[in-house]
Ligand code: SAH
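Here you get one chain, nothing else, as structure tokens; it is the form predicted alone.
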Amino acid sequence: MNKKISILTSHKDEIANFCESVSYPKFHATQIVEWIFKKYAVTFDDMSNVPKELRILLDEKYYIHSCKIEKIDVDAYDTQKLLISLHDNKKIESVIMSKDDKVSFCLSSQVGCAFRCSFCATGTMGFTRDLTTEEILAQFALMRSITKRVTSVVFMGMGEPLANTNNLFKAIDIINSSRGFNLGIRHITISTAGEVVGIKHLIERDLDCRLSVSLHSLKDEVRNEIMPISRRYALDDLIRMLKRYSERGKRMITLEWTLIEGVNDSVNDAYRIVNLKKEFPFKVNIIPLNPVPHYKGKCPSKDKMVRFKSILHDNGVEVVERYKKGRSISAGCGQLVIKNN
């Protein structure tokens, strides 16, 4: 028996050819695609205007996706954390963030993570495998079946997106395509811990999405300690690649900076960011450290955070403090983890 194919990753022309091969008009492919990408169908039986016999034949050839929501946690700010099981019973977490009329999906790209940033719970899982293109898209489909709308997507969940570029770029193409989920490319953000080779691939791919970089320190010895990826790619190498990205006419880079007391919250740390302005344009997201069981670091006092932000702002750096949504349900930055996966 032939293995079924995920219809999420199948081109409309392929579906049209299948319809024709089983003696149905090609126009049914348009209906099928609309059900998948516009009407949130989770089974072929949902496709009420598609002939029943064709739905049966579709189910023999295709499946929509193999992922399932096991649990949803919700905080007081309507942040939703989804526990999603995969075809091999591995699990991931993804997050829906809502603010005013905006809905953002935080998608995972890997099961676990190999990079082991000291303040990130996901790294304690180790690395199991990359998510397939279908599994990345399935997160989007499951989330949108809940919210019925989405204004932006950020690949900032579990794993390092730019260590899984083949599947990531294919998924982004389908999320962006008018034949797919039709989300504007500038509403899609890739967040990286500093995967220099991955950023190079992004430049070569000429993908005009947004780029966010988890920087957290501009001292090699500190970054080596809290972000082991820095032992592979020195800060100078990362800065050169970001400068190259910026010079290629891409959009402004966002630098993520998790503030940790006594580690990267000093006046000198703030001025190092200011001095980086001469290399390329950027804005800064300040993230108060979220608590995770394995890391003993602490979030700085409010006064220190205000001082840090003020130095950046007063020296012409655009800076935003990330609000602590999701913290109470362990859905904040660095808190996603599956135990005994």
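Computed from a prediction, not measured in an experiment: that's the story for all the values here. The first residue of the sequence shown is number 1, and the count goes up from there.
Note that the form predicted together with S-adenosyl-L-homocysteine (SAH) isn't included here; everything after this is about it.
Asks: Looking in the predicted bound form, is S-adenosyl-L-homocysteine (SAH) within 4.5 Å of a heavy atom from each of 83, 133 and 138?
Replies: Checking in the predicted bound form: none of 83, 133 and 138 is within 4.5 Å of S-adenosyl-L-homocysteine (SAH).
Asks: Among 83-91, 213-221, 96-104, 177-185, mark the stretch whose residues have heavy atoms within 4.5 Å of S-adenosyl-L-homocysteine (SAH) in the predicted bound form.
Replies: One stretch meets the cut-off, namely 213-221.
Asks: Name the residue from 273, 289, 50, 41 that puts a heavy atom within 4.5 Å of S-adenosyl-L-homocysteine (SAH) in the predicted bound form.
Replies: It is 289 that has a heavy atom within 4.5 Å of the partner.
Asks: Closest heavy atom of residue 256 to S-adenosyl-L-homocysteine (SAH) in the predicted bound form, within 4.5 Å or not?
Replies: Yes, contact at 4.5 Å.
Asks: May I ask you to check whether residue 120 falls inside a 4.5 Å heavy atom distance of S-adenosyl-L-homocysteine (SAH) in the predicted bound form?
Replies: Result yes; residue 120 sits at the interface with S-adenosyl-L-homocysteine (SAH) in the predicted bound form.
Asks: Is the gap between residue 333 and S-adenosyl-L-homocysteine (SAH) in the predicted bound form 4.5 Å or less for some heavy atom pair?
Replies: Residue 333 belongs to the contact set for S-adenosyl-L-homocysteine (SAH).
Asks: Although S-adenosyl-L-homocysteine (SAH) is absent from this view, report whether residue 128 comes within 4.5 Å of it in the predicted bound form, heavy atoms only.
Replies: Although S-adenosyl-L-homocysteine (SAH) is absent here, residue 128 would stay clear of it in the predicted bound form, with no heavy atoms inside 4.5 Å.
Asks: Suppose contact means any heavy atom within 4.5 Å; which members of 5-26 contact S-adenosyl-L-homocysteine (SAH) in the predicted bound form?
Replies: Counting only heavy atoms within 4.5 Å of S-adenosyl-L-homocysteine (SAH) in the predicted bound form, no residue of 5-26 makes contact.
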